[in-house]
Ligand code: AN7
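What follows is a single chain, given as structure tokens, in the form predicted alone.
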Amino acid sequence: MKKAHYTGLIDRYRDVLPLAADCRVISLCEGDTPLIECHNIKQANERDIKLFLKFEGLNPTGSFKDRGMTVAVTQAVTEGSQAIICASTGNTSASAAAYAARAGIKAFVLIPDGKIAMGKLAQAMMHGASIIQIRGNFDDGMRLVKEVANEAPVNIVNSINPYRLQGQKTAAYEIAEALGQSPDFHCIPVGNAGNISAHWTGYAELAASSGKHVTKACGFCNGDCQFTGKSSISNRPKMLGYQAAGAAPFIKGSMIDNPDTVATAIRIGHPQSWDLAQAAVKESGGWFNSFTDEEILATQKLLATKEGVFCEPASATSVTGALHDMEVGNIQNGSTVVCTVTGHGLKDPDIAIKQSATEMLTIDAELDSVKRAILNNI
């Protein structure tokens, strides 16, 4: 019998998601992204560390945001909403616009003036969102979104929406299913900070034996939720959250008013999921750290040239952190490590082109010219 085709993460994980049984599912067949084992990263090979990349850049709009958006928009439609709104550095706006288009409702997105990668802006525009560019940063946009939601009939679909985190937790389910257990360490970029708690919620649910949450990082039910998975793993990973040095409020220990980093997706100084992220890291025995733009860009290029994985700068932050913690011994030899690679490199092609050393050769359209070009560059 022919196997039914994959129809998205809500259909796959409906029994662990807080959605009505008869809801109209808004899906673009998100999820089911590849877990790619690295073979050419010497820091891992020398230490017998299994290093995996959960490549979320292969979701429908090119980022992990689709996992949460399918659930958030499905719930918004169930509630009768005709419009959604978000503040965004880019990926959320692209995802919200796509799922709103799929649902047949309106999307409003607030973006920082001149602080959004063109690949992401193009997506939101093509999907038909109403784009409002503000003279301020993401944190200003987030403040305004929360204020306007009290004045206009719109549903917020940023990660303060607990349905977003419920969708994003499914990545942990996929990872555990692929590995047969959870990894020893899960490394993740931290910007608005919802994703790290969402992953921790997934792992905690999978390891729970009581039928109740065993984490304060859920964001949905304050630790007393019926939407839990059956116990299927015996271990939970340490959650490691990595930030860009110019946008590292968790390292500073307080909010930052003017964050600055080339990794636009995590250029956030006032994380909306601060408490949830802190809870996830504390409960798991993990930690936060930060890295310079130069280190992050070097890792982005390393992944592209050594493993064939082209991710946006923010995504590379998770691997930057993992490699650092391997070097200093925080991640022990023989460990299994998963790094969430949050978005595709085509989200920000300008940054990639600027740091590429590859020269373009222009030659005559003749066989001998092509042959010489090849032989001279082998």
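Every value quoted in this text rests on a predicted model; they were computed, and no experiment measured them. Residue indices: 1-based, along the sequence shown.
What comes next is about the form predicted together with the ligand, which does not appear here.
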Just to be sure I understand the contacts: of 175, 193, 97, 76, which is the one whose heavy atoms reach within 4.5 angstroms of the ligand in the predicted bound form?
193
Residue (of 129, 72, 268, 84) lying close to the ligand in the predicted bound form, criterion heavy atoms within 4.5 Å
268
Please determine whether residue 61 contacts the ligand in the predicted bound form, using a 4.5 Å cut-off between heavy atoms.
no
State yes or no: in the predicted bound form, is some non-hydrogen atom of residue 90 no more than 4.5 angstroms from a non-hydrogen atom of the ligand?
yes
Please determine whether residue 339 contacts the ligand in the predicted bound form, using a 4.5 Å cut-off between heavy atoms.
no
Please identify, from 193 to 201, 177 to 185, 145 to 153, 292 to 300, the stretch that has a heavy atom within 4.5 Å of the ligand in the predicted bound form.
193 to 201
If you look in the predicted bound form, which residues in 136 to 164 sit within 4.5 Å of the ligand (heavy atoms)?
138
